[in-house]
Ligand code: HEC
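Heads up, the chain below is alone and in the form predicted on its own; it's given as structure tokens.
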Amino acid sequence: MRKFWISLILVTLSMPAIALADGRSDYRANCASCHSAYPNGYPDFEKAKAMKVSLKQLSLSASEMSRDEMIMITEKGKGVMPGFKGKLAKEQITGIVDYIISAVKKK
């Protein structure tokens, strides 16, 4: 029984790390092509110019949005950014946003 409780505690403690790992892979698959490979990095100037947006609009590290605002924009889209509601599950979208927030905080 003791092994069960230890295993349960270890699995529970590792859940946030697993969610961030999934957020990272979903970010890289769906967001990195425009926003850069890493959320705290700088987007490509030529790509921003071709999309007719400023680097600040693509830079996630410069964002002052709340978590809820980021989730809403990821779901609905904004400007040239498409919405991902219906393409990604709610859990994937929140995982991406949580990954972005954690990566930007480390900067």
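Heads up: residue numbers just count along the shown sequence, starting at 1. All values reported here derive from a predicted model rather than from experimental measurement.
Beyond what is shown, the protein has a form predicted together with ligand HEC; the following relates to that form.
Participant: If we define contact as a non-hydrogen atom of the residue within 4.5 angstroms of the partner, is residue 76 a contact of ligand HEC in the model of the complex?
Facilitator: So residue 76 does not count as contacting ligand HEC.
Participant: Since only the chain is shown here, I'm wondering whether residue 40 would be in contact with ligand HEC in the model of the complex (any heavy atom pair within 4.5 Å).
Facilitator: Close contact is absent here: in the model of the complex, residue 40 is far from ligand HEC, nothing within 4.5 Å, heavy atoms only.
Participant: Look up in the model of the complex whether residue 50 has a non-hydrogen atom within 4.5 angstroms of ligand HEC, and give yes or no.
Facilitator: Residue 50 lies outside the contact set for ligand HEC.
Participant: Counting only heavy atoms, which residues in 28-48 are within 4.5 Å of ligand HEC in the model of the complex?
Facilitator: Contacting residues: 30, 31, 33, 34, 35.
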